[in-house]
Ligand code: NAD
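The form predicted on its own is given below as one chain in structure tokens.
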């Protein structure tokens, strides 16, 4: 990786963290957040940086850098994904960990906020190397994770297989059998995962979209939508929205931009992406070289399901969608949000729109701790009820205080955390 690429990634990570902090500071000032709570929430409780060696298939050793940021555990055990990607950095995971604290507080889960990962690209390694890297990282974390202390989950670059490896490694270290299953969520169903976990983030975003459309008197039947990012979140959201009668007309990911006014089959595209790791080549005659055409396409709504900081002051003015649904974490910078607001674009913010993943992760944790199994219908019904309740809480705060949905979501989260801190007190 070039120095220029490293500098760009560092700047993006710092921008994410600074953006989260700026929004926190603005809302804390707006609601006159208690000074004790303000001080505690402004920094993570713990920042772990770990360097660990792993033997490669050729017999040589590589040194990897891993992180685990534990932001806050007032409401319950730390909770947050493990991201395996080249751009993982301290600032990135610090920002994402704070978002997790706010997200769990918003949807009233008995969980705190954390985030972690390893700075490397799993696609550059064999399955055997990825397994050794994951297990060695788990060993290095040691008792910094645990079913009642810090519970990782999948994120970018990881999936159920990685969670199975973490759980199995942890079990072999501590050997508590049933309880050990709850050390991570997002596992395969065979290894104790919950049905509905893989689709939860995408489906939760769609349930928020449905509530917004109903409140605006907008029909999803025949609506036109675009999606940025077509991985786990984007593909499940697209499939669900397509089933509601809307038409996918544009997709952008790291491989290509695809625009088709006649519609793109989400089902067929999901199969293509699973086989080819990107949208490129699905409809070559519909691929365009200019990504600005994606941003500037007139649609009813846009789902952002890729990375942070994808909508900036450089492209925000191009967006002509009526609504943005933030399926990703931190996809809109603070500068871009000001432009979008001025242009009348509604935003369902990340800590609400993508909370479906952690909601069903919580359900998985409960099932593991209680040795229960919930069927798909039960999980989906509980997810829908939980996220719709949070949506309407945010809408009420937005209406009564005259603030945006994002500001309302932050207010709801921070007021809940403040109430608990003030009732419990700060020890000693």
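Positions refer to the first chain, counted from 1. All values reported here derive from a predicted model rather than from experimental measurement.
Heads up, the form predicted in complex with the ligand isn't pictured, but that's what we're talking about next.
- Checked against the ligand in the predicted complex, the candidates 305, 93, 102, 238 yield a single residue with a heavy atom inside 4.5 Å, and that residue is 305.
- Of the residues given (154, 116, 349, 112), 154 alone sits with a heavy atom within 4.5 Å of the ligand in the predicted complex.
- Comparing 253 to 261, 282 to 290, 144 to 152, 163 to 171 against the ligand in the predicted complex, the single stretch with non-hydrogen atoms within 4.5 angstroms of it is 253 to 261.
- At least one heavy atom of residue 327 is located within 4.5 Å of the ligand in the predicted complex.
- Contact annotation: residue 230 falls within 4.5 Å of the ligand in the predicted complex, judged by heavy atom distances.
- The closest non-hydrogen atom of residue 354 lies within 4.5 Å of the ligand in the predicted complex.
- Put simply, residue 79 is far from the ligand in the predicted complex: not one heavy atom of it is within 4.5 Å.
- Site residues 83, 197 and 201 are all in contact with the ligand in the predicted complex, judged by any heavy atom within 4.5 Å.
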